[in-house]
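Just the one chain here, the form predicted alone, laid out as structure tokens.
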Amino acid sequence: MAVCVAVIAKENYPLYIRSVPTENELKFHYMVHTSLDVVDEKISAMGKALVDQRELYLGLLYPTEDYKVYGYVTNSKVKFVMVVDSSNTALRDNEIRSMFRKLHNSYTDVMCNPFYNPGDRIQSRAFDSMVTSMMIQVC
């Protein structure tokens, strides 16, 4: 189960951050912020190696005692960061990939909205409800 989902712009400022236990919101913001360094390292390593450029999923960025942080980057260098509860051992890598694909598809729908200005905070109700459904989904 995802406890925090973040969409980070190319310039590393948050477009959208949502966390489930609101009392730990600052902790999750910090985890997302610190994961950006790992995301940048993985992106630069992918650029040097002859890796398939269509592979957008970055995998596990780093684990902590209570949570695991996963990353995904779009072709336009927008980053998705997901914090997952470590106690959920049934969550497999391919399920995390499919959650990121759903998030990417929903983000694409937001970008296709003619009233959305790229770079503004995401305030779409459809996007928010999709993220909420990912967070309450128990795998």
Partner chain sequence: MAQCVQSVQELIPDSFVPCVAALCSDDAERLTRLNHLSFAELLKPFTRLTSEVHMRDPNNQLHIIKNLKIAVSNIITQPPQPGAIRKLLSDVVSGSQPADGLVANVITAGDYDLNISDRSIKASVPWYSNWKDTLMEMKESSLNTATTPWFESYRETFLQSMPASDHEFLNHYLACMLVASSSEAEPMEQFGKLSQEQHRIQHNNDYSYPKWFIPNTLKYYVLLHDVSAGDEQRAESIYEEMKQKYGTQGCYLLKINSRTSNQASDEQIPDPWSQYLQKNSIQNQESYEDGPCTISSNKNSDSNLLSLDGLDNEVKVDGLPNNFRAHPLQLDSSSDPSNNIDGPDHVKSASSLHETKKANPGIIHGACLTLTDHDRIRQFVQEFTFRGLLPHIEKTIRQLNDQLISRKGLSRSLFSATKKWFSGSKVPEKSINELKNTSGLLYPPEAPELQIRKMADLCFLVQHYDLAYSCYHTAKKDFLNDQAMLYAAGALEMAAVSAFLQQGAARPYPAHYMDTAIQTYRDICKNMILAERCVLLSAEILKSQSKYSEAAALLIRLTSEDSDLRSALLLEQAAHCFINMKSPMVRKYAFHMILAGHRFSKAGQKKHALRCYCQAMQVYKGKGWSLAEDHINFTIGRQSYTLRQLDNAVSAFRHILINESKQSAAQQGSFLREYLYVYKNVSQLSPDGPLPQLPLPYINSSATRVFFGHDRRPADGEKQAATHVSLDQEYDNESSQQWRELEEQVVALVNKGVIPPNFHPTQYCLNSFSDNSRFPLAVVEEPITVEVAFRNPLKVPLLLTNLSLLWKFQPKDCSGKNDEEVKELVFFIHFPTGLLCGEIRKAYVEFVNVSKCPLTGLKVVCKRPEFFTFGGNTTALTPLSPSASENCSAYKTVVTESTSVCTALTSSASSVDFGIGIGSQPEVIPVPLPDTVLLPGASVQLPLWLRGPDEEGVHEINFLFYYESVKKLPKIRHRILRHTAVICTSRSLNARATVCRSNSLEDEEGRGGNMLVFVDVENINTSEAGVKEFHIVQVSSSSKHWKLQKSVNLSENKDAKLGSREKGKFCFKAIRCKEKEVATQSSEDYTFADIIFGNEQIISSASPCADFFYRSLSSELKKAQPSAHTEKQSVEDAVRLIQKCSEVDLNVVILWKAYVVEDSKQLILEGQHHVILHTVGKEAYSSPQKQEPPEMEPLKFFRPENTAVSSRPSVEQLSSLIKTSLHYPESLNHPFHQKSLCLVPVTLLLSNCSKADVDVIVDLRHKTTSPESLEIHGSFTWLGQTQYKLQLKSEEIHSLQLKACFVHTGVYNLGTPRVFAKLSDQVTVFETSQQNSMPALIIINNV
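Predicted, not measured: the structure shown is a model, and the values here were computed from it. For the two forms, the rigid core is made up of the largest set of C-alpha atoms that agree within 1.5 Å on superposition. Positions refer to the first chain, counted from 1.
This protein has a second form, the form predicted in complex with the partner chain, left out of what is shown; the following refers to that one.
**Prompt:** Among 106 to 114, 37 to 45, 67 to 75, 92 to 100, which stretch sits within 4.5 Å of the partner chain in the predicted bound form, heavy atoms only?
**Reply:** Contact criterion met by 37 to 45 only.
**Message:** If we define contact as a non-hydrogen atom of the residue within 4.5 angstroms of the partner, is S124 a contact of the partner chain in the predicted bound form?
**Reply:** So S124 does not count as contacting the partner chain.
**Request:** Answer yes if any heavy atom of V32 is within 4.5 Å of a heavy atom of the partner chain in the predicted bound form; otherwise answer no.
**Result:** V32 belongs to the contact set for the partner chain.
**Message:** in the predicted bound form, is there a heavy atom of the partner chain that lies within 4.5 Å of any heavy atom of M134, even though the partner is absent here?
**Reply:** It does not: once the partner chain is placed as it appears in the predicted bound form, M134 has no heavy atom within 4.5 Å of it.
**Message:** How about I17 - does it come within 4.5 Å of the partner chain in the predicted bound form, if we only consider non-hydrogen atoms?
**Reply:** Taking the distances in the predicted bound form, the answer for I17 is yes, it comes within 4.5 Å of the partner chain.
**Asked** Quick one: core overlaid, is E11 moving 2 Å or more at the Cα between the shown form and the other one?
**Response** No, its C-alpha moves less than 2 Å.
**Message:** With a threshold of 2 Å on the C-alpha, tell me if E23 counts as moved between the shown form and the other one once the core is superposed.
**Reply:** Yes, its C-alpha moves 2 Å or more.
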